[in-house]
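Just the one chain here, laid out as C-alpha cells, in the form predicted alone.
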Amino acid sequence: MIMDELEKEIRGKFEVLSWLPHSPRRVYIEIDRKKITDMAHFLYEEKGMRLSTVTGTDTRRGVELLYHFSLDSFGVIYSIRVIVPKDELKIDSLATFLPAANWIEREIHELLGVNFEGHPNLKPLLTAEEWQSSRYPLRRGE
C-alpha cells in the first residue's frame, strides 16, 4: 500500500514525535517545528501533495500549528503538527516556496502572534486598522 510505504519513508527521513492514524483517510504526524520546511518540501515537491490549509490553536503546550497536506489521488489528509513555544513564537515561513501558505500565515500571525520568519509580507488581513498590533485575538488571556 502506498500509505504504508509513505509512512516508512517519512519515518526514515524525519524524526517523528508521534504518528496518529485518526481514520483511514487522516493521519496526524507531529514533528519538531524546525523541520517543517523540510517536511513541506518533501510532501509538496517529492510526493505531489498540496497544502490545503494551516490551522493554529493556543494550547497549554504552546501554539499548535497543523499543516494539512492532501494526497488527492488517494483522498488522504496528512496533518503535520508542530508546537511553537510561547516564549519563542517563531517558525520558518512556507510562503517562500508554497504560495498557498501566504495568506494563512498572515492570518495566524495576526490572530495568534506567530512570527513566520522569511514571510514576504506579514501585513494584517482581518483586524481593523486601529487594532493594536501587539494584541492577538485568539491567544489565551488576551
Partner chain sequence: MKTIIPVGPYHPLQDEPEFFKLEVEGEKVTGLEINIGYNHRGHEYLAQKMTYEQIPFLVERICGICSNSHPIACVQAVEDLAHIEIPERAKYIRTIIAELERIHSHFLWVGLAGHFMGYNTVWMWFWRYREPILQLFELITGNRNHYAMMKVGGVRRDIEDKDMQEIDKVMNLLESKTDMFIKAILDDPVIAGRLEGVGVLTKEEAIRYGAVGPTARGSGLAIDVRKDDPYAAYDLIPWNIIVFEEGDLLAKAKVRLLECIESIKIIRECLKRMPHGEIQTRVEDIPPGEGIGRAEAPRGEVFHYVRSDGSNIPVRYKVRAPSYMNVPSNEVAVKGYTISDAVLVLASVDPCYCCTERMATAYYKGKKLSGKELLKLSWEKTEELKRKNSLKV
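For clarity, every value in this text was computed on a predicted model and none was experimentally measured. Positions refer to the first chain, counted from 1.
If you look for the form predicted together with its partner chain, you will not find it shown, but the lines that follow are about it.
Every member of the trio Glu64, Arg81 and Pro137 reaches its partner chain in the model of the complex with some non-hydrogen atom inside 4.5 Å. Taking non-hydrogen atoms only, Arg25 approaches its partner chain to within 4.5 angstroms in the model of the complex. Taking non-hydrogen atoms only, Pro85 never approaches its partner chain to within 4.5 angstroms in the model of the complex. Though the partner is left out of this view, Phe42 does not reach within 4.5 Å of its partner chain in the model of the complex, counting heavy atoms only. Not displayed here, its partner chain is approached by Gly56 to within 4.5 Å at the level of heavy atoms in the model of the complex. In the model of the complex, its partner chain lies within 4.5 angstroms of at least one heavy atom of each of the following residues of 95 to 113: Phe97, Leu98, Pro99, Ala100, Trp103, Ile104, Glu107, in sequence order.
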